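Coming up is one lone chain in structure tokens, specifically the form predicted alone.
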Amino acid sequence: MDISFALTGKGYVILASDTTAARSIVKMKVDEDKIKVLSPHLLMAYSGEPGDTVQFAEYIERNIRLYQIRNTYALRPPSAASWIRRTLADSLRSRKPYAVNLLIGGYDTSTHQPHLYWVDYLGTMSEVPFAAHGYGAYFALSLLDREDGLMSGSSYHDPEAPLEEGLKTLRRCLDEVAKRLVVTPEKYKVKVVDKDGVREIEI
């Protein structure tokens, strides 16, 4: 049962994913990193079938790295997201499709803008200000989508919010999942990408 969240702010993208690796009712480990660093300014959170997720994420990571070695510069987030979506769509039309849901977040050093993409296992992609996959989406999206949140001064999603405010909004989503979901993940791994690159944050 994977849960992942992502949101954008003023010059950054935050990605968060639970660290539980489980099969049926059995918990295998609680320190699984489900967020891949694809390039200095690009992250990808993945969820879905355990074997598919790791294999697909490693394939994407190595091919984006290969592109950077061959061309001496990294793919920009919009280009990388389009290629990842195409790769997933091509696998869907093969004998061995990947059952993987993705959140792709990056910072474009050319335009100095953050980008966040929601991709599902059918190869559907959309650029969004915030996103979620898994059971956590049932609770978090309604919080983030409140239109009157900014007017009331609450910590709902604001695309112009500073990093501290973005982390506060993410914390609210995690608390809501802990309050409402029957089986709550123990830990989350949180990573931020901005003009300075990728870093991990304790929350």
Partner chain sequence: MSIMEYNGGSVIAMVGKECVAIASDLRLGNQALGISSNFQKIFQMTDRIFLGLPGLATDVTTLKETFRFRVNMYTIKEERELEPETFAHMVSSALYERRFGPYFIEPVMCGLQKTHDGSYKPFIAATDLIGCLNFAKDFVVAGTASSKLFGVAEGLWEPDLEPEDLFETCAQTLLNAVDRDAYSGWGAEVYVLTKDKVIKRTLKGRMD
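Fair warning: this is a prediction, and the values are worked out from it, not measured in the lab. Positions refer to the first chain, counted from 1.
There is another form of this protein, the form predicted together with the partner chain, and it is not shown here; the text below is about that form.
Chemist: Can you tell me if L163 lies within 4.5 angstroms of the partner chain in the model of the complex, counting non-hydrogen atoms only?
Modeler: L163: no, not in contact with the partner chain in the model of the complex.
Chemist: Although the partner isn't part of this model, could you tell me whether P97 comes within 4.5 Å of the partner chain in the model of the complex, counting any heavy atom of the residue?
Modeler: No, P97 sits far enough from the partner chain in the model of the complex that none of its heavy atoms falls within 4.5 Å.
Chemist: Mark A137 yes when one of its heavy atoms lies within 4.5 Å of a heavy atom of the partner chain in the model of the complex, and no otherwise.
Modeler: Output for A137 is yes: heavy atoms within 4.5 Å of the partner chain.
Chemist: Does L141 reach the partner chain in the model of the complex if we count a contact as any heavy atom within 4.5 Å?
Modeler: Yes - in the model of the complex, heavy atoms of L141 and the partner chain come within 4.5 Å of each other.
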